[in-house]
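One chain comes next, on its own, written out as structure tokens in the form predicted on its own.
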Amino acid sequence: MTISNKPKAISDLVKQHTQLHARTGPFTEELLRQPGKFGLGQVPAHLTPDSTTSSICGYCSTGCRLKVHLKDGQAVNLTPATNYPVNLGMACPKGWEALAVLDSPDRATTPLLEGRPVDWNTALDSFCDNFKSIQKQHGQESVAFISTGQITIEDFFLLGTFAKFGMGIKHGDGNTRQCMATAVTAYKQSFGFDAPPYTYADFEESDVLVFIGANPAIAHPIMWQRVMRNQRNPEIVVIDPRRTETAQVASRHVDLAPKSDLPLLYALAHCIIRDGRIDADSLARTEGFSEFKKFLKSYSPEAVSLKCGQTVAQIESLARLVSEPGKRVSWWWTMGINQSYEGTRTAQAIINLCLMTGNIGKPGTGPNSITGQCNAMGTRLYGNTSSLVGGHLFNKPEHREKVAKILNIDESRIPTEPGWAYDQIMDGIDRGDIKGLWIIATNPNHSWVAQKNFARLREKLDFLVVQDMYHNTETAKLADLVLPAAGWGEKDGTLINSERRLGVIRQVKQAPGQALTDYRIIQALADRWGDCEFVKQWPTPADAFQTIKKISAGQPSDITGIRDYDHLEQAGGIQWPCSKEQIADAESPLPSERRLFSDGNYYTPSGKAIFHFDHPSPLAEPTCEDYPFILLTGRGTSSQWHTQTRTAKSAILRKLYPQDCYIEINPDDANRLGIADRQTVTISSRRASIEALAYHAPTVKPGQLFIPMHYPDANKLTHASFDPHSRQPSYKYCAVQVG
């Protein structure tokens, strides 16, 4: 749908305004015209024409530091930093190619309105006039935004502050809802705050490492290298239906039936309690254990064995392994747990096991969620989506008062409750409640569950804005207005990795054409929107960082002790919390790696961790005669990333993974159906049919199929079911047929 097809009032307003008005004041003029400082000009001032600087990688949540080498003022090469406590001199293929993807001819270099290049003034007018008109016609809550996990903390802070408190948008969420919402909700309910407790050193200090719904050998290769550095001769357990790359090198592969992880975890807890292998000191710092103990009576190994696809002996053996007194046991999970219709309770079943056995707050232990995107932790804290900025709560008057005072805004601008989650925003579009959508650095027309729905819903929008590095993503192609954004390496800011470590990214290249940093785009939009004077308090990301510190004061994630970007770089990144009080003694600097809850105190009102549990839910879409196969999805290779928006731009990375969509099928199933290896087959769900190359893969069990999530067709098949607590989609299980 283009603007010309929209209600006459909107299209006429755009034409009238762009022809008759030019609201370019001094502030916007500065944003749009000054070179260098605003991402349009020369090499950043902190660099010389031939120098080396460092920057945190902008792909995944590992948070590796890369050295960036310049020659004649141009960033020409990357090498991994050797002394950074995260990657210790290592980098994955994506990190090595981080510069190459910036030079793609597909970069968005000028604003596009109805597919036509326009100047920034026209783009700003179009954004503001369309969204204001929609709000006037349909109500304040008829406009929403969807953000990302790929931009900086400062970008998130400015975006959420402008959108929520300037534009009056109540409903905004991030694409981290698709990957991390389960972990967020599980930690909040169990610990009182979104607090991953671990540090990467725990990979090297565990006696038993359990990876459940995680494949770090492929998805997080630098973390896997940390596992390989472990000198304690650890047992490595992989709980996964598929014999993944990680499972192939593990000590034990628990090939459980798909979506039976929750009853398996309850059976382990049943055995541990029955045998008295619990930690009384740890349990003294918890609530709800007696109720959990009663709940577990019906989850004996005999009761769940058939459902889990494991023998009673296998379950008993695993229970002993993960509760052996004196052994350090760490549990690690990612999307295989999170992306589930009952993911929150499954994550909490892991947390419960750690609380029961005392495997928390100590070296080599913990219920440890591995984050997906480079700054998913940043948006969780500062995106103003599921929580008020800084991890505060919208429904707490004292939190709203604190934030309003620091931001210098009227408290009435802050909503008293969170807005809708991602899927609820999509439902709102479907009902006609939301007519305008602003998408920042994400690609839902590829990544959203049951993907066909997004294209259908887009037709119900009056105005769609996409702000991205590239003009030709699946979502940007549907946009009325495309705003060209700078990418990693073309701006300054901070990121937070999986272990809560803040690190700095630096501008080392000039953004192409008229592309601006997300920060500058938001500033210009706020200036053009009007009544947003408070945004001018933060002319640079560094200024915003100082306010972010103030907002963090008194929170579990307090970072008031971090001075500035230089402090972060000199310290090798700093994990939160880092309060002023913690660094008051300059003679005793904080350790470079710290874990939470070593003192047994949690962030709940009682200071105790809470046991949460529910009976497993029925399968959202069971197999049947017409759709007899279970479709599993996941990461394909270390060289692919999400929707391939960036990795597909690198010639080297493209050589490291299959170009065509493929599906893995057990050889017995393939032979039974007469499917040859690398034959093109059709896979159908109740929602769509796609074609893919069939690979005979004994790593996939009979009755199951596996498809990498990176190909555009993958999410045409997936089923739109959601965890009731986290609102996270279930990508990992749906019923299909193949032929």
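In this text, all values refer to a predicted model and were calculated from it rather than measured experimentally. The first residue of the shown sequence is 1; numbering continues from there.
There is also a form predicted in complex with a small molecule; it is not shown, and the following applies to it.
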Indicate whether Gly213 is a 4.5 Å heavy atom neighbour of the small molecule in the model of the complex. yes
Using heavy atoms and a 4.5 Å limit, would one call Pro258 a contact residue for the small molecule in the model of the complex? yes
Test of understanding: in the model of the complex, would Asp240 fall inside 4.5 Å of the small molecule by heavy atoms? yes
Can any non-hydrogen atom of Thr637 be found within 4.5 angstroms of the small molecule in the model of the complex? yes
Out of 293 to 301, 336 to 344, 137 to 145, 391 to 399, where are the residues with a heavy atom within 4.5 Å of the small molecule in the model of the complex? 336 to 344
Here the chain is shown alone; which of Lys188, Arg506, His220, Lys435 has a heavy atom within 4.5 Å of the small molecule in the model of the complex? His220
Candidate from Thr244, Ser126, Thr161, Gln510 lying within 4.5 Å of the small molecule in the model of the complex - any heavy atom: Thr244
Any chance all of Asn175, Gly487 and Lys732 sit within 4.5 Å of the small molecule in the model of the complex, going by non-hydrogen atoms? yes
